[in-house]
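Structure 1 and structure 2 below are the same protein chain in two forms, each given by itself as structure tokens.
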Structure 1
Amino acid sequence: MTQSHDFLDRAPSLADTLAHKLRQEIAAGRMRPGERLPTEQQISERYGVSRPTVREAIGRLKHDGLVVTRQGAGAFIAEPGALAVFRLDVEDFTNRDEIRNIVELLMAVEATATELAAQRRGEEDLAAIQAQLDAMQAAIDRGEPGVDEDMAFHRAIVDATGNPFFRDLSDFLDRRVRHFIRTARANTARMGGLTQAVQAEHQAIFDMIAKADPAGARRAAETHLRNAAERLSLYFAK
């Protein structure tokens, strides 16, 4: 118990494995939308688990919108077009490809969000963004890396889009990437002196948003993100 990597060593529960199997069967097209699943009793017998476990597994699918259940009638496979919930799970965040793909999506979302922010930001949005910019400068002056302020700055920008989907997705991806950096940084030497460069890029982004120049804002965000990705790549340079 010297090093508890409590991430993947957790034994998969019976319900989880069963849910995974059922999900695969649905994805494999062995069951078509609108069709009824076997009864809980039948699944229970077929897979050798108890009914509560089956219920738990089906509950997950129901929660993800893959099936809908009607008491007394059964469980039915939902229409894929009516799917109302999207699930994005990052299984292995130590995987290099996985991180690269996430960063790529993050860049796409954040660059567009910056463009939209420049296009429709109100005065109060602009003030909020500037406040975070100043807060980051203050952190730098105090000699701190200012990761929280950095995040808050980007957060203020995506907030200015007024689109909650942008906000939530960007928030998730940002957290994910930063968490990866934080864990990877443990075995690397601390990199210093770059924060001022980051701040300069932030300033450029802010200026474009202030000027209400969407195309310029996108360009500024793209260079910032490209540079950030390059700095990031130092961590998994193999």
Structure 2
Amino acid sequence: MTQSHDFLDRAPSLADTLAHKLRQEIAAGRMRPGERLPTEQQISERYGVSRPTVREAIGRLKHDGLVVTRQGAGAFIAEPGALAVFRLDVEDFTNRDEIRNIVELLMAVEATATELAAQRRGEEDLAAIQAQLDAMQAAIDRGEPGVDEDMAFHRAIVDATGNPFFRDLSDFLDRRVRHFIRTARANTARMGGLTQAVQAEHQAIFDMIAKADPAGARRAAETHLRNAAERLSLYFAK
């Protein structure tokens, strides 16, 4: 890796930004499997960050399985196939292509989970979903966006699948992208007077689950996600 300077902007999370830069270097083949990572000092000088920031960024790469350390020898680029951690790095939520890609992923997960919930839910599951639907309406009546209640509603649906892997993946997506998307959507709904339209979509999802109609539940979830993408686009167009 050459020693040209490529200083980073002073963002709130320099370690995350640096880790992303290094991932790009690895993905582009500029740092190859088995190759020793530059020293902390070299990386620090190239990107204009402190050595503790470099250590933190390298720690992220180790956690992702992209880098391995060898006692007394330093850090090395991991061999192909060593990656054991799934990552989802969304660089620009204002980009329509990025939004489409994310919505396609959410649709694959959430629509399928909703379909399975309609097949498998018990009365306790249905009561839990209904409780979160009512909580969202109560939040709306108080003039609140109800984002937390929205997330709890979808989590109750995922719980109704009885599949722990759906729960794990849903938790991951909540942390990485879904909370941002729903917050943006909630802001758009509040500003555009669309809150009850969003709630009507949730009601349609609940109705299909209550009727034990898997195909109808999937369609309702897909419609909700497509509309959420449109609301997100409206939010960024303001």
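Only a predicted model underlies this, so the values are computations on that prediction, with no experimental measurement involved. Rigid core here is just the name for the largest C-alpha set that superposes within 1.5 Å across the two forms. Sequence positions of structure 1, starting at 1, serve as the residue numbers.
Each of the two structures shows the same chain on its own, and it is structure 1 that derives from the form predicted together with the DNA.
Core-aligned CA deviation for residue 31 between structure 1 and structure 2: 2 Å or greater. Residue displacement note: residue 64 has its CA displaced by at least 2 Å between structure 1 and structure 2 (rigid core superposed). Annotation: Cα of residue 127 displaced by less than 2 Å between structure 1 and structure 2, core superposition.
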